[in-house]
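The data below hold one chain only, encoded as structure tokens and taken in the form predicted on its own.
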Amino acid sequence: MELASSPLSTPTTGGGIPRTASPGSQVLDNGTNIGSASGRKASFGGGALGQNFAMERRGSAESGPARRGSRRGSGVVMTPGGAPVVYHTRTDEDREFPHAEKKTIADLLRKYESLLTLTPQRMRMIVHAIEETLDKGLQKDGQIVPMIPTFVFGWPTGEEVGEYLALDLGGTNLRVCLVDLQGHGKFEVTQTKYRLTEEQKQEDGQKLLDFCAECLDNFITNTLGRTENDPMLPLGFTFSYPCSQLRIDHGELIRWTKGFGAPNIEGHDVAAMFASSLKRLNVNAELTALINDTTGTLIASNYVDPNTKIAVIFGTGCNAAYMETAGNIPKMSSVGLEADQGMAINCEWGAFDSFDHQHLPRTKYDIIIDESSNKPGEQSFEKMIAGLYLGEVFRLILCELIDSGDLFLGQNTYKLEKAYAFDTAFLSLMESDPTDELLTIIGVFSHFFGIETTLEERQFFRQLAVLIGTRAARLSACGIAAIVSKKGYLEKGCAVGADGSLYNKYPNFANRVHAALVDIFGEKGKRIVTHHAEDGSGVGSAIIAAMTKARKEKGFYVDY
């Protein structure tokens, strides 16, 4: 990711790593920032320049009176390129490196609190804007948030039974399952996962689908021990990217999300392309339904707990699904459904506030992430919530503080200056560090980035992680609140099935969502409860395949 247009962007050194430095500053080949003649704080990491600095410190100590405490000084050194550089120093004998002081840390924390905190009033404004956007998506096609009818007709009965295959093309893994539905909300799952490489996510679309078909064939043959003489199993394909559907076994990809960019597939019928892969590779499976993981989560969670009315995914990306009535979907009027017929809607709300950017409180860090992404201007809501981006917000803030001379003086920070080097999992680790000395945070910075930290800095990093994680949770709650408000679920309350790595693994994420719902709705917000969803992309896909098979056998809207 290049940050060339951003205020934090810098020239690139050999090796392609962006350097973070002020205009006019000098950066050594080893990645150490040594300041500039304009008065920038100087840092030293080693080499001849580091030795000169060490000698200057020793000379000061020998010529002055013996005392402890800090001393200030300045001087001029020559860079390897022959340029004179003014440096300013403040040394402390009992420290190996200079660090930011407590007062500075407190000031910085206040600054980022003001940037990253969402007030209840602001959240209510966002909820209203999301609700209006959802309504627009139901009115007609081609809207920013597409509100895609999934052709999943109503809720499961809970009595669906039989063996069904499920294939899940997620943001990180490809998962293949055999789901044995046993009725009464019970099921058993056999599964295998296959890792997706970054190269596969960017290469030709048909080639990607061929790989999926090969993995499915491997699972059927080697894991299940089935042969071509066995009956063909119905397959639910969980394709968790925005698709326009005209029927349950059709899906035209609108756009890639979650970092995918495979060409020659956007604008094409993914189901037809995958069916051709199955036929060409002689895979013993029949594609019955193409679904989104969020829709599958909605159906699987309701199969187990009928009080679940909404499903949300907070992981690599973010999305929601709920059950609408056909009478509230004007763009589906040509299908001729009864007004009270249920229709599961895949919201694709990650696109909320894309392009116009009128409603979300984007910071300069969010803007850099957006402009540097493979889809600039798109998926604005997702880029402020999803696990793919939270660590990058943290990293960009660190880069800003390194550039201003407030952090890591005298230390080599080049590893931090590589885009997406700071994984969201690191934020999770920092928030959950149970030790007084914050030893986990020491480990993160020393092991992965070769950087030493003070206790005050580590406390600041943890609070910064809390701010970033809390903002994501509160924005997520705004989306849930918009659907609750739209469907009138607040009075009776409802359950929300939630899935994804952010919801399942990030400390206190669910509690923060619940607290935000109370901030939005008052005490009634406690009636909306999120819980860990059932396996939507596996079990949900299989249930939808079963529902579709039963529906068509009954002659109910067989063309859809």
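Keep in mind it's a predicted model, so treat the numbers as computed, not measured. Sequential numbering from 1, following the sequence displayed.
Not on display, but discussed next: the form predicted together with ligand GLC.
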item	value
Any non-hydrogen atom of Ile483 within 4.5 angstroms of ligand GLC in the predicted complex	no
In the predicted complex, Thr294 touching ligand GLC (heavy atom, 4.5 Å)	yes
Contact of Cys318 with ligand GLC in the predicted complex (heavy atom, 4.5 Å)	yes
Glu382: touches ligand GLC in the predicted complex, heavy atom cutoff 4.5 angstroms	yes
Heavy atom within 4.5 Å of ligand GLC in the predicted complex - residue from Thr288, Ser301, Thr257, Thr424	Thr257
Interface residue in the predicted complex among Tyr112, Phe460, Phe449, Tyr241, criterion: non-hydrogen atom within 4.5 angstroms of ligand GLC	Tyr241
Which of 241-249, 434-442, 174-182, 192-200 lines the interface with ligand GLC in the predicted complex (heavy atom within 4.5 Å)	241-249
Neighbours of ligand GLC in the predicted complex among 338-360 [non-hydrogen atom within 4.5 angstroms]	Glu348
